[in-house]
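First comes one chain, alone, set out as structure tokens in the form predicted alone.
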């Protein structure tokens, strides 16, 4: 824009950081006429962490290829004095914030989007229905023009007074290696008003240096905060003794005050830090910034001539996308000690529920990264059948738990691009509901939500048993948290069943009793109860009850029952296969945890004798393949083709880890075992006895 030039556009974006750039790029992809205003202030070199979620977003915006990223090899988490946990597949990278800003500007320039170098002094909504903005240059401070826009996205960073503070400082003198250290120190006092502090250390651009960072909600002195961070770092990682500052500290405002009610200001959509979208525990904000910028642009593109409708859509989408997020922030400030004690007490716990909650709270992952990587392969018609039903199921489940247990609500987020393809019990339930040819009944989504909440509740009771409690009245927050979460989820699930499908209340109660009995027998070392019995029961019920409610004849219901049971066997054998390969499982537990928690089928297959990992993997794949073939065979009795296709797709995705040619088989696995990498070579008891090449199992029978 030339000096004193005025123009009218569809969208004015204030700020060219991650949120603003994402909004501008996404809006341009929808054909909107966009202008960006940004003062273009230069930044001092400062390293920032680019999480996996942020990297995905920047890649989708075609920005990542312009950034000189430094990938990290490992992410390690430590809560208080608990053990260090390696977060599998929690990938991340580091870059200089100035390089990130440069890459964003290059992408905007490549797209031909005008970037005004100036400050937005005023924005007023005029009678013509347009937002009129006055842009002024800073050197010298003179007006350079005005912009009239139907929509405005404000992504100019946090307000001067945010909800907390983030400080960083470069260090040298100690080898950090190529890893990210994430620490939540224990509360310093018994004051329930004490707010969370998070410390991190990440390798810096220059060899032999790293960046020490700390974030805290509430007011704090930067110097004191960095001293406490240094002390926490050395306490958790004494190998870094000798590390010393090698550059000036940097301080910034942290804003975690996100609420859907406050993301629209006088018709302008707030995104990123301006909307309070920073992780209240870690201070991470790039992933939330890019995501909210994209969502703001999509809301504008959906309602180009109606700002009020765009604002409503933006509020609605943010509320759904970041469900549990603002409740998490509120809980962090109001109930920090409770949240902290549960997180700290479960730091050593390998229970699937807590493993997933840790990732949901501390890492910017969507549900896509909290559950199986595999997706159901559906054609267009089946996609249209599943999507609205599962969306309704999500809405019910989230609204049921978000107020009391926002951490759990984070697990139900469906912010990935294809949530209807996820592996979840509601999918076979819908397939079974349609088995007799009936159209999808959306009113049954409430029952599907109840089944999913009950399944999540059952997961709370899976995992290794705790050590014998110490004498006294100390609270075991690990057990307490598991019982509270499990009981809450099961109770809410029962309430939903009573309200939406009272005719199956008895069946539902019997199902819960069966789950409890299977788990109890297994913990009591009852060898007559295989580990897969629990998982067979978990997936048998949604398939059977779906067929029953859909009016299927008795022989079809029986086929669905067998299908569900076999799916449960497939699920557990697939879990075992993933752990034996040293890969992340759907339950987020490793091989020792599955063995200690008595939720592995390996000893059921091979007995309690010393065996090697290769033998266990072969037996696991063979058993899982047999179960998958049995499930596919029984689906031949399902008369309705769309229903059968959905059930086949669910089973195929479930059995994907049983493919015998996945990474981890053969030579790669043996090299890892020889080098001491990957999972333990001994999977049952005793010591590995063989490292001979694996015998390939036959591929699953094609239908």
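Since the model is a prediction, treat every value here as computed from it, not as a measurement. Residue numbers count along the first chain shown, from 1.
If you look for the form predicted together with a small molecule, you will not find it shown, but the lines that follow are about it.
Chemist: Mind telling me which stretch in 125-133, 541-549, 444-452, 244-252 gets its heavy atoms within 4.5 Å of the small molecule in the predicted complex?
Modeler: Only one stretch passes the 4.5 Å heavy-atom test: 244-252.
Chemist: Among 225, 484, 119, 562, which has any heavy atom within 4.5 Å of the small molecule in the predicted complex?
Modeler: Only one listed residue qualifies here, and that residue is 119.
Chemist: Given that the small molecule is left out here, which of 286, 587, 567, 300 has a heavy atom within 4.5 Å of it in the predicted complex?
Modeler: Here the answer is residue option 286.
Chemist: Just to confirm, residue 530 within 4.5 Å of the small molecule in the predicted complex by heavy atoms?
Modeler: So residue 530 does not count as contacting the small molecule.
Chemist: Is the gap between residue 642 and the small molecule in the predicted complex 4.5 Å or less for some heavy atom pair?
Modeler: Outside the cut-off, so no.
Chemist: Can any non-hydrogen atom of residue 38 be found within 4.5 angstroms of the small molecule in the predicted complex?
Modeler: Answer yes; at least one heavy atom of residue 38 falls within 4.5 Å of the small molecule in the predicted complex.
Chemist: Indicate whether the small molecule has at least one heavy atom within 4.5 Å of a heavy atom of residue 291 in the predicted complex.
Modeler: No.
Chemist: Honest question, do 14, 48 and 167 all end up within 4.5 Å of the small molecule in the predicted complex by heavy atom distance?
Modeler: Answer is yes for this spot.
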